[in-house]
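Coming up is one lone chain in structure tokens, specifically the form predicted alone.
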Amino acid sequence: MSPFPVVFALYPRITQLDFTGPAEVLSRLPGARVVLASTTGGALPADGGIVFANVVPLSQVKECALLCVPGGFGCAAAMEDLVYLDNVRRLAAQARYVTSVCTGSLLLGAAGLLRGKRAACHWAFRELLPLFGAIPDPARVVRDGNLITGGGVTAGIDLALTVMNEIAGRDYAETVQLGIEYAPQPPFASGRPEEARAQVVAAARAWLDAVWPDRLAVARRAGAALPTGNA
């Protein structure tokens, strides 16, 4: 069985479920070898106080069949980490699949990988995608060529099962889904702004407004910094 390196390109203050959800699924791919990597390697702090140990430096990752770029509150800083973006471009060039979860698509955009492509993103930040020449798509999982992007956080599991279906077939993907008992039945119909009550949407926006100005400013700079023809 040929090895299938699955590389998660991480950065400080990442949302851990953005990558641990897909990793739980993709680690079950035939031949899968999951690699957690960041610019510097070592210990990586995620939001919520979790620290991931023994993360490898991105520069040491030489093989990548599937690249996944998660989102998180640290994505604004990562959009201006030139070493991180260079490695994302390098790994994407050889990957069979290039994927992202949540605001990870903004990082793909900052790396110049989204021009003319349809892409998903967390609902609150989807409107930033055109700054990178991307076409925002509200679907939970969006495919455009070998680019597969997911919406916010939990969409990463849907994305991973979508990829698994293509690689290993429906029976295998459904077996994995059953094995992890992925049968979401949320207690509230508030997982998307179109479904949530107005006061809930307002509260969520107020919570996210704290990061909006910085993220907008960084996305504008990152989009403007792309070479001519890439944004």
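Here, rigid core means the biggest group of C-alpha atoms that superpose within 1.5 Å across both forms. A residue's number is simply how far along the shown sequence it sits, counting from 1. Quantities reported herein were computed from a predicted structural model and do not represent experimental measurements.
One more form of this protein exists, namely the form predicted together with a further copy of the same chain; it is left out here, but the text below deals with it.
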query: 4.5 Å heavy atom contact, Thr39 and a further copy of the same chain in the predicted complex; finding: no
query: His122 within 4.5 Å of a further copy of the same chain in the predicted complex, heavy atoms; finding: yes
query: Exercise: Glu174 in contact with a further copy of the same chain in the predicted complex, heavy atom 4.5 Å; finding: yes
query: Contact of Asp158 with a further copy of the same chain in the predicted complex (heavy atom, 4.5 Å); finding: yes
query: Contact test, all of Ile50, Ala53 and Ile180, partner a further copy of the same chain in the predicted complex, heavy atom 4.5 Å; finding: yes
query: Segment that reaches a further copy of the same chain in the predicted complex - one of 78-86, 92-100, 122-130, 108-116, heavy atoms within 4.5 Å; finding: 122-130
query: Exceeds or equals 2 Å, Cα of Val211 between this form and the one not shown, core fit; finding: yes
